[in-house]
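Here you get one chain, nothing else, as structure tokens; it is the form predicted alone.
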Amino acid sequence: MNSLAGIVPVVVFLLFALVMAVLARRRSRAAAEAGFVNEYFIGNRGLGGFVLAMTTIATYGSVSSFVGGPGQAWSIGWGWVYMATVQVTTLFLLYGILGKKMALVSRKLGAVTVIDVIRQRYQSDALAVAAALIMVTFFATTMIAQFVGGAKLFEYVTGYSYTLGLCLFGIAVILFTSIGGFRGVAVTDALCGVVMLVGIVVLAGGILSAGGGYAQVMDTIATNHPEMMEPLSGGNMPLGLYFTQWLLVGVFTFALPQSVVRTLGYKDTKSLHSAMVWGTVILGAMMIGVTSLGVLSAGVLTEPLDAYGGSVDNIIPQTIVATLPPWLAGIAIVGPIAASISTVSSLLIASSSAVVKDLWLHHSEKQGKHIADAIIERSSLIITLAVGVAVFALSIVPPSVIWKINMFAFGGLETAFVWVLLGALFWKRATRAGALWSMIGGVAAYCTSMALGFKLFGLHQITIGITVALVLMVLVSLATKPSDEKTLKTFFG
């Protein structure tokens, strides 16, 4: 049955986010002293600590964090929560490893994108093109998962159609990303982050109320599924799964380019340190909290998975419907939808920057052509809109298991960028050939092993991709000519 009470909070949130994007755009026009490109793609390096933390959290925390991950926790138990705790380190690693060095180098180079930094360090257009194509490909995969997850959740909870949900927030996110640029995305991400926390609290209250309190919920789980109380979950959480998931959603996430670009946009060192504290605390509470809700749902949804459509992606939507009245359910789904929107908006602006700044403008500059800011602005809006519409169209026929789709994209991006970025900033001996072989060879090995279902020692294919990428980076770099002294001095001198 269609629920008007359920849809109203979603519409109000989307309209408010759109207004914030418009206001941010007006402010950015007034602040665009360094030109359109610097303002639209990195907010003229003016983000404060809280906004920096929240935009990074919102970019990292996708709809799979609120739907797919908790659904897995409902199936597996507290072992999945223990695995998820590694996400507490995500922002600490990002800001601690790359934050300051990326900011210093990018300011020195006048770099606006992550690929700008990679191109300057390795002096390779081929590497920059490969990086741009890999980014856009995996970003599109992630965005499809976000659109699908958000629309499915909307359909399940409100009773309105999947297509209506897809149109409603798909169009909204494309519009406010196109209009707002990086600053607009950052501001709306901060809003989305706050809304995510509200959604978690509302759903927690519904679960505990429906289950008779925390003690009763835990007793129900212990009675029905005692293995869910154990760290290894009766064999469902083997140590190998812990290890590879810690790599995939924890250790190597500092190399995700959609997060790394945030380190180019903060205002000063005080903002970076503040973001590190805010981000670590809030992200930890958010990810551990929402994954725990998945386990607690097992104290309310006690039927076999087939009773809920046969997919763990249905667990959180079903929990919302089962434990909350329509108006509160509408508030609760705003959290996951905000997660979806914040991730899509960040990936849209990063995709646009890869096409406009890293490919088109760089090619024009090499040919000695000057492109006016008005043309760049119009083209950036068109490209952002075009990428968003393309992803929207691909989402009309939804794929299944959004959690796996999201993790596939994570693994591909981490494989492509982790050693290339670390080599660029911290290893003088890294060369353009080493970086190119590492990026292309690592991604090829990762995608091939995923397609074939091939694993080593039962570990996720991220271990294959990362290992191949590392070996190629080291061996090819040592076998080829070092970077020139001028480049090394810029990065290390």
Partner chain sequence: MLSNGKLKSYQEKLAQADREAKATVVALFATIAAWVVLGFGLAGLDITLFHTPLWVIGGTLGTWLFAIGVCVFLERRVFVDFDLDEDEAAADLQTSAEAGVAHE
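Residue numbers count along the first chain shown, from 1. Please read these numbers as outputs of a predicted model, since none were measured by experiment.
One more form of this protein exists, namely the form predicted in complex with the partner chain; it is left out here, but the text below deals with it.
Contact annotation for residue 327: none of its heavy atoms lies within 4.5 Å of the partner chain in the predicted complex. None of the heavy atoms of residue 125 is located within 4.5 Å of the partner chain in the predicted complex.
Among residues of the shown chain, residue 276 is one whose heavy atoms approach the partner chain to within 4.5 Å in the predicted complex. Contact annotation: residue 110 falls outside 4.5 Å of the partner chain in the predicted complex, judged by heavy atom distances. None of 313-321, 92-100, 385-393, 331-339 except one has non-hydrogen atoms within 4.5 angstroms of the partner chain in the predicted complex; the exception is 92-100.
Between the options 134, 88, 179, 300, the residue in contact with the partner chain in the predicted complex by a heavy atom within 4.5 angstroms is 88. Checked against the partner chain in the predicted complex, the residues 202, 359, 105, 405 give one hit for a heavy atom within 4.5 Å, which is 105.
Shown here without the partner chain, the chain has 214, 215, 218, 219 in 197-220 lying with a heavy atom within 4.5 Å of that partner in the predicted complex.
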